[in-house]
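This text opens with one protein chain seen in two forms, each one given by itself as structure tokens under the names structure 1 and structure 2.
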Structure 1
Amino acid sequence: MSNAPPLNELTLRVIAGLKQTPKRLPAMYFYDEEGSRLFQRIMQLPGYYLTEAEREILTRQWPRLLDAFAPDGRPFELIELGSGDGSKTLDLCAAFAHAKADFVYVPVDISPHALNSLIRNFDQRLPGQQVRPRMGDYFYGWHRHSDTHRQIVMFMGSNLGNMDRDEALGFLRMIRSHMQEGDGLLLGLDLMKNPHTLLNAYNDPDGVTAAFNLNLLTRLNRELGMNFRLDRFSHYASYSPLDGAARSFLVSQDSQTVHSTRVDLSLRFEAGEVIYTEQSQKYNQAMIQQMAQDSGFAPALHLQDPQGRYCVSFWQAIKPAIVRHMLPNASHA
């Protein structure tokens, strides 16, 4: 019998993905300490317009959001799934606090590095704000802190785009199942646009996105005792205007075999073979409307940046009876 500690859920998912054809890795595996640091750099890249566009919407249009979250002045709980360092939400919370809104901010993230940055930033800029950070996987466990507060769940940064259609619907329905009628969901969603602009966002000339992608191999070497050589893999990004999906890959430069010293895993790569590392789905209005209907929400507010690159969409949880009525195609999801 081996004395090795049991493998955690994430590691099991990673191993299962690497055994698939094509080989895959879950997007959440990006965010070890170095990955979280690199993502903070990506958010500042000139070509990665998503962060700036989302920030612009939140900072300019926050009064409309506050009206939607608390039309009756009832206190609310702002639960942000995958908050990262919360830098954009900090601006939103600062505006809400200035308007004397009564709310608690609950950021949830698997990355301790990201949550520590968030706590530092909030302590410095909004020391009086109630913040209840939770470290963990947002797929598991859900805590409603108070029955007096309306729940507003935020899923920003176009994080939903990392899921394919079925995963996204399952995730949205999971969120809906924890809500009461009248609770709300705020989504940051990237919109379909010129393919050149999109490709540029995932393939910066300074190689920060490439380093972010290749860091997955460093993490595999460290955590699973693999012997990936980073110089034998390269970053490749694509965008397909037909289905609106940007996809990132790691491409094997030659035929090679990579082994693990810790788990029973040996991977054979042909020259040019890829590991599929990330999908970033882009949306249009019709897709957004359909997703809301199929998961038990009614879209209530659709805010865009002035250049129409990005949208922040607010959905309200509607009655289950209406959900059934509105779900003629539910079996397709």
Structure 2
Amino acid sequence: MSNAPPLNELTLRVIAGLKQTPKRLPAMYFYDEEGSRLFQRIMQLPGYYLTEAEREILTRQWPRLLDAFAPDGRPFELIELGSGDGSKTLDLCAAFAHAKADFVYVPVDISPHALNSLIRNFDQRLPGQQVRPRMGDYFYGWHRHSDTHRQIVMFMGSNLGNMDRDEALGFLRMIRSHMQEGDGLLLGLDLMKNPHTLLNAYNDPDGVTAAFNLNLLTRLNRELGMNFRLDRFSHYASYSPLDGAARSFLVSQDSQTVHSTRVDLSLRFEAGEVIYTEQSQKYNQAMIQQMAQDSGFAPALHLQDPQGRYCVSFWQAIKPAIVRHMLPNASHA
């Protein structure tokens, strides 16, 4: 019997992904300390419009969101999945609080560091606001606190676009299964646009996005004892106007073999072979309408930034009978 310690989730996912054809790495592992720092730089790049556009919609069009969340003044719970430090939502909550809205903010994140930062920020700027942080999986411990409160779920940052269609539908249906009819879902979704604009967002001339992508290999070298040489891989970004998917890859520059000193893993790469690291789906109105319908929602409000680059879409949960018909095919994201 082996006395080796059990493999952690990162190791299991990485091994499974790198044994696929084509090889894949989970995008969720971009965000170690260095990856998070690089992503902060990406969000400040001139060509990376997503964060700016979403923030602009939330800060300028919040009255329309508040009218959609509480048209009759009914109290609501604002549940943000993957809240991080809440920096974007803080402005939205401040606007709601200034308008005397009756709501509770429920940030959900797996990072205790992010939630602690969020709590400090809210205590300093909105000391009277009710905040009920929840650490862990999006769906762990989700329950209705009171029948008097409507639940509004937020999933922002174009994060839904990191899932393929089946994953996204499974995730949306899982959200719907936790809701009651009339509850709401707020999504940040990037829109299909000029391919050159999109390529510039995912392949900046300063190489910050390339460093972000390659940092995945640095993390594997550190945590799995791999011997990836970063100078033998390059970042490649693509966008397909036909299906609206931006994709990122790491390309092997020559034939090589990569090993691990900690797990039983030896990988052969041919020259030009890729590791598929990320998808970022872009949407049009028809796709958004269909996605809502297929997951048990009805679109109620669609807000865009002035340039029409990005949208914040608010959906309402419709009758449970429709969802029950859909749920047998639902999957966990």
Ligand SMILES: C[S@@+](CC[C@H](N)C(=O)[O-])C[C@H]1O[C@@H](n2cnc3c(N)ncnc32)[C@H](O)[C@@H]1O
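This structure is a prediction, so every number in the text was calculated from the model and none was measured. The first residue in the sequence of structure 1 is number 1, and each one after it adds one. In this text, the rigid core denotes the largest set of C-alpha atoms whose superposition between the two forms falls within 1.5 Å.
By the stated condition, namely the form predicted on its own, the second structure is the one that fits. Once both forms are overlaid on the rigid core, the distance between the two CA positions of residue 129 between structure 1 and structure 2 is 2 angstroms or more. Once both forms are fitted on their core, the CA shift for residue 190 between structure 1 and structure 2 remains under 2 Å. Once you line up the core between structure 1 and structure 2, the Cα of residue 73 ends up 2 Å or more from where it was. For residue 120, the Cα shift between structure 1 and structure 2 is 5.1 Å when the rigid core is held fixed in the overlay. Look at residue 86: with the core superposed, its C-alpha moves 3.1 Å between structure 1 and structure 2.
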